[in-house]
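The chain below stands alone and is given in C-alpha cells; this is the form predicted on its own.
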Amino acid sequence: MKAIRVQSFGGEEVLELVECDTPSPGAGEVLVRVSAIGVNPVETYIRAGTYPLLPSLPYTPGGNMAGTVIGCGAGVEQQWLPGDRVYSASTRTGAYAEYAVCAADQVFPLPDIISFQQGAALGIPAATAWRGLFIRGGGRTGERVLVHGASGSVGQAALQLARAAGMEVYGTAGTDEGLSLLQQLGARVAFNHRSQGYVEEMKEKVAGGFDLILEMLANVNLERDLDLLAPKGRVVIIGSRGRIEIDPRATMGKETDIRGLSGFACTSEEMARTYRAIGLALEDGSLVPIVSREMPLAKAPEAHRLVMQSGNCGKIVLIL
C-alpha cells in the first residue's frame, strides 16, 4: 500500500510517500480502507518534533480518516462488519495511508448523509469543539459563547454545536470570507479580529460579557479574553503558539476561570460521551463538517504548510 512515512523529525520535506506492507488487524482491531484523511495542526507539531508526546521513528502521521471497514480482528465481529462506513478519532498505524488499523473503539459510524471527505474532518475538530463547550467549558443553554478564531474547523464545529444546544453564539474571523461563513453558521454577530477596536465593539454589543470563550490563539488573545468575560465566566484554551504575560488579578474581581484542553487528557468515559453526542448531531443535521480543500496523499507536505496558514475556512483533506 501507499503511505506517508516520517524517518526523522523536521520540516514538511520529511513527509515521504512510500510503498509498504498493508497492516493486519489483531484482536480488538479493525482494518479500514481509507478514503479521506483530515489534516490537523497537531500533526505538524509532531512531525517537527516539537510536541510534548512524540511517536517512535519511523511512523505514519495522522489520526483522523474516514473509510470502509474491510477486516475485523477477534472480538469485534458483533461491533463492526466489513462494509461499515466509519470515521476515526485515532488509529494504531497512522491515517496517512491507503489502509489503517484502528482499535474497535477508535472508530465510529459515519451516516450515509456525510461524505468520506466530511467524515475525515470530524475526529479532532468536532471532539475538541464538543469537549471545549460542554466538558471543559461547562456550557449551558442560554449562555453567551464567543469562539475566538471561529472560521477554522474546530471553530465551525463549535458554532454549530453551541447553537444546537441553545447557546447565544458569537465568533471572530480575520477575512470577509470567514465572517460571512460565521454568519451562515448562526453567529449572532461575527467580529473581525483584525480590525482596530474590535474588542470595544464586542463590549458594546455584548453588554455584561461572555459566559464562555473558546480560545484558539491564547498567546495573542488571553489577556483581552479575561476582560471580555462575564462574572463567573470561563476561557477554554484550545490553541496557543507561545507565551503571554497576564495579570492574575484579572481573574479575581469577576471570579473567572482559565481552563486548558488537550485531546490526550480525554478519559475513555469522556470520549464515549463526546462521540455519542457527535453522532446524534450528525444524524439530526445540526453538525455538518465543512471541507475547504481536497488534495491527493502525495501532496501531504503542501497540506502541512497550508494548514498552518490563516484563512482556512474549513478542513484540508487528503483523498485516495
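Sequential numbering from 1, following the sequence displayed. Model, not experiment: these values are computed from the prediction.
The same protein also exists as the form predicted together with a small molecule; that form is not shown, yet it is the one meant from here on.
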Worksheet item: Counting only heavy atoms and a 4.5 Å cutoff, which of 103 to 111, 83 to 91, 145 to 153, 199 to 207 contacts the small molecule in the predicted bound form?
Response: 145 to 153
Discussion item. Can you work out which of I213, A158, A173, A97 has a heavy atom no more than 4.5 Å from the small molecule in the predicted bound form?
Written reply: A173
Item to complete: Quick one: from R140, R188, R241, K232, grab the residue that has a heavy atom within 4.5 Å of the small molecule in the predicted bound form.
Response: R241
Worksheet item: Looking in the predicted bound form, any heavy atom of V14 within 4.5 Å of the small molecule?
Response: no
Worksheet item: Any of the heavy atoms of S262 lying within 4.5 Å of the small molecule in the predicted bound form?
Response: yes
Discussion item. I'd like to know whether N312 contacts the small molecule in the predicted bound form, with contact meaning heavy atoms within 4.5 angstroms.
Written reply: yes
Worksheet item: Can R163 be called a contact residue for the small molecule in the predicted bound form at 4.5 Å between heavy atoms?
Response: no
